[in-house]
Structure formats: C-alpha cells, structure tokens
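Single chain ahead, written as structure tokens, the form predicted on its own.
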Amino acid sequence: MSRQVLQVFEQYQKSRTQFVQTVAELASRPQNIETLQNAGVMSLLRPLLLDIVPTIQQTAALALGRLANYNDDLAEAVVRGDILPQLVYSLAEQNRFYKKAAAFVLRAVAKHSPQLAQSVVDCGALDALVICLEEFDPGVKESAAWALGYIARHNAELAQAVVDAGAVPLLVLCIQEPELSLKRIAASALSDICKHSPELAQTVVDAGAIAHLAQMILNPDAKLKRQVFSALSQIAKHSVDLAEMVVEAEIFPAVLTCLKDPDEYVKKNVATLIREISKHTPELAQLIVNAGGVAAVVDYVGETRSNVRLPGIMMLGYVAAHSENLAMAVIVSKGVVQLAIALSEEPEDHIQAAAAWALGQIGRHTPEHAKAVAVANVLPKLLQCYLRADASEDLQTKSKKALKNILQKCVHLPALEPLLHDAPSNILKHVVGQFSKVLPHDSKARRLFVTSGGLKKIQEIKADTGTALAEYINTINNCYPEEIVKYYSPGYSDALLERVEQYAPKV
C-alpha cells in the first residue's frame, strides 16, 4: 500500500514538473501567449510558487516572468493574482535559482509602466532586491540590479524609492565585480537612477560612481561601454558642477577614440556625453576643443546618419553658441560643411531642425562667421526648409530663426542675391537690409548688383510706405543715378515705347 502511495506522489510530482516546464517553454514564444492566458494559466501557476519541490517553484516563477514580460495586461494579471507578495517573501527564503527567477518576474512586471513598477514597490520588493545585491552569487546580483533599474527608469519618485532602499552604494560595488554582465546591468541601473534629477545624480556621484565608470571607458566590451557612457552623460547633463566632476575623471582625450567605435550605440552615447558636457559653459566647451573634440565630432557627423548623427550635430551647435572663438573653432574644423550636408540629406525633420539651429549658432556672431556659413550654400537650403509645406513646425521655426541670425550679420552679397528672388517678405526684409548696408560703401558691389539683375529685382518689390523694407529700398536706390533706377523700374520700357509712338520727328 505504501508503495502505491509513493507511486501516486511520484506521478503527481512528475506531472507538476512536466506542466511547469511545458508552460515555461510555451511562454517563451509570443504566438502561444494568448492561448495560455485564455486557459487561465496564471491561477494554475500561482500555487506552484509554493510547491515543496524547489525546481517546480523556480520553473513556475520563470513561466510567470515570461508571461508578465510579454505585455502589460499579463503583468497586471500577476499583480491582481496577488503573486508579488509571495515572490518577495521567497526572495529572502529560497535558493539562488529561485531568487533569480523571482527577480525576473518583478522586473518583467515593473518594466511596463510607472503604475506597475509602483505595485512592485508597494509589495516591499525594494528591500528584498537590495538584500539580493549582497548575495555571493553574481547571477542573483545581476537579476536584482536589473529589476531595480527597471523600477528606477520610470520617474524621479520611483528612482528615489530605489535610492532610499540603499541600492546605490551596492550598485557601485557591483560595477567593480569581475563579471561583465553584472557590470553592464549595474551601470545601466545607475544610469536609470541618474537621469531624472540633479539630486539623484548627485547621490550616485557621492557613492563614488564616476571614478569606477571612467576606468571602464576603454573596456573592449561594447555592451558595457554603452552603459558606461550612458551613465556618465546622465550625470553630466544636469549641471555645471556635475559635468565638471565627470571631466575631472580625466576621460579626455581617451573618450574621443570611442567616436569611431564599431558599435553604433557606443558611438551615439559618447557623442551624447560630449554634447552634455559642452552645453554648460564656454570653459567646458573650450576644454573639449583643446582635446581635439570638435574635429573628432565633425568627423563623426560626416560618418554617421539619422539619430546616431543627432548628438554630434547638437554638440557643434552648443559649442558655437558660447562665443565667437568657439564658433570659429567649429568653422576651422570644417563643421559648417558637414552640417550643410546633414541639412540637405537627412530625411527626418527633427534632424534637419537640429542642423539648421546649429548653423544659425555658428553664423550669428560676426560677418566673418556669417560668410563661412553662407558660402556653403546654406541660405537657400534653410529657406527651402522654412517654406516647405509639409515641414514640421519646429523645422520651420528653427530654419527661420537661423536664416534671420545669419542674414543679420552677412555682408557677403553673392550669397544673398539668390534670396532676393525666392524669399517671402518677412525674410526679404533682412536680405534687402544687408544690401542697403553694403552698397553705399562699395562701388564694385554696386556695379555687380546692376549687372546681376539685383537692382531690377529691387524695383519689383512692393513695399508699404514707412516700413523698414521701403526704407532699405530707398537707401539702395539712392546709391544709383535716377535714370538707372528708372531704367530698371517695372513699366519703364513701356513708357519709353509710348514716348516713341508719341514722338513727332522734326522734318
């Protein structure tokens, strides 16, 4: 009889094991998820989290994690099924395999939304996950760090809850561990904490993170470098003080070599870091220029495309915005040429808008700066972006402002002349204004203006009396003899022909 009982129990255990293993396997394929959900798999898995057999508990947790990871509906079903408190309790009690599986479920639930992440926090998960960061097993630490990062990434309140639970010093210890995957996940979690506010970034800095992150910038592992550069840029973006602390870790010029990294995300995160540092002050921007940073970023803008190109474009704009000298450094490094190419060839409006803004920052300082931008044939391109019917509002605004900034300084007339024929009145005003400044003092320019058809075009412009445009036109006309102005005025040839008809020859 006792043998029969044992057989029944063995059979029952085998069936449970087979069930959870099959569900876990099925849950790894998206096409099975809906069927599993409709079959009520959640309620069947929940009691198996308390099973007396550890492998059944772990596999049940793994299956739940895979389901919760799939979409927010299933993650909410895990919360509604009151499964989280059981997982949190087990995190403290069970073996390392179960802890990894339980942390995976918490991460899978937390990733979908701030509300679901808050549910994970509300069930007491943070303290249990932080304790897991002190485990001996690196896999447990990694799973816990991953879950903490997914909670922190949503908003400042959740990130603060992670900080208050004491996670930051332990995450900083994790980036010093020998295991690459643990370093990556810990750096990523620190980045997710830093990004929300200067105060949260300061907490990470105070735990000594910068020095340890800086040591890893030349690590051969691309995935680790992605996270390291992301974390450093999330620290540097908030304030001058934080950016200076990142710079003081002596990351320059070594960091510039990573702009040529084969991994696109590494390159993009490096460019983002350089952008975040250079935007704060002329001194920080100058430091980057001195390290060869502008030339390196100009090459980067030339070699990359689309969103990977964007932080490089913006970095050049930020550097140029600070001062005449820094803008000249961008010009000397052939920055205008690369920005003009980006403006022409990028199909997406937000990247064109960034290029337009950056060119405006370069050209707005002096006539020399404006000429450097104008001779790259940028003005017609900016005008085209401004007038394009399907352009986004942001692209139109930035193109218009860049045009205005450059035009108000530009006295290189050959670059301005095409705009006389194409520009709408609100832009034309600035173009004509520049001609009215130059022509009174330059006889050669006056002659060219007539032979190129510029003076004729000026006579065709209809300007209301008393407007700035009308004043500019008068100033230009006063540079020429009256008969020349008349000759190029609309209708003058008709008037001459009429005089011919009316003229009575003397016989």
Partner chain sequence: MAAMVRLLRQVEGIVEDSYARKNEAEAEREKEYTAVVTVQAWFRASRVRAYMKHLNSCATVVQKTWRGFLGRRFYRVLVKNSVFIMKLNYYNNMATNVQKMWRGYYIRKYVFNYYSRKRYLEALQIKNEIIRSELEDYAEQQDVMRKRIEEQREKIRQEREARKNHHLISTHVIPGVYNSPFLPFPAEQEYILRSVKPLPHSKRQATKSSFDPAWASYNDKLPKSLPPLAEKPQGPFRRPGSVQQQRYKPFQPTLRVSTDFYGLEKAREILKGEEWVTRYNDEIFQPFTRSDARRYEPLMHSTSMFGHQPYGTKYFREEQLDKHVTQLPFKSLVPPIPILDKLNDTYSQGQV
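Positions refer to the first chain, counted from 1. Model, not experiment: these values are computed from the prediction.
From this point on, the text means the form predicted together with the partner chain, which you will not see here.
S.K.: Could you tell me which stretch in 322-330, 185-193, 232-240, 416-424 has residues with non-hydrogen atoms within 4.5 Å of the partner chain in the model of the complex?
M.R.: Of the options given, it is 322-330.
S.K.: Can you work out which of Asn69, Thr475, Gln459, Thr55 has a heavy atom no more than 4.5 Å from the partner chain in the model of the complex?
M.R.: Of the listed residues, the single hit is Thr55.
S.K.: Just to confirm, with a 4.5 Å cut-off on non-hydrogen atoms, which of Val336, Val204, Ala296, Leu395 contacts the partner chain in the model of the complex?
M.R.: The residue from Val336, Val204, Ala296, Leu395 that makes the contact is Ala296.
S.K.: Is Gln286 close enough to touch the partner chain in the model of the complex, meaning at least one heavy atom pair within 4.5 Å?
M.R.: Yes, contact at 4.5 Å.
S.K.: Decide whether Lys260 counts as a contact residue for the partner chain in the model of the complex under a heavy atom distance cut-off of 4.5 Å.
M.R.: It does: once the partner chain is placed as it appears in the model of the complex, Lys260 has a heavy atom within 4.5 Å of it.
S.K.: Quick one: does Tyr89 come within 4.5 Å of the partner chain in the model of the complex, counting heavy atoms only?
M.R.: Judged by the heavy-atom cut-off of 4.5 Å, Tyr89 is well away from the partner chain in the model of the complex.
S.K.: Can you tell me if Ser489 lies within 4.5 angstroms of the partner chain in the model of the complex, counting non-hydrogen atoms only?
M.R.: Output for Ser489 is no: heavy atoms all beyond 4.5 Å of the partner chain.
S.K.: Can all three of Leu180, Ala222 and Ser436 be found with a heavy atom no more than 4.5 Å from the partner chain in the model of the complex?
M.R.: Not a single residue of the candidate spot has a heavy atom within 4.5 Å of the partner chain in the model of the complex.
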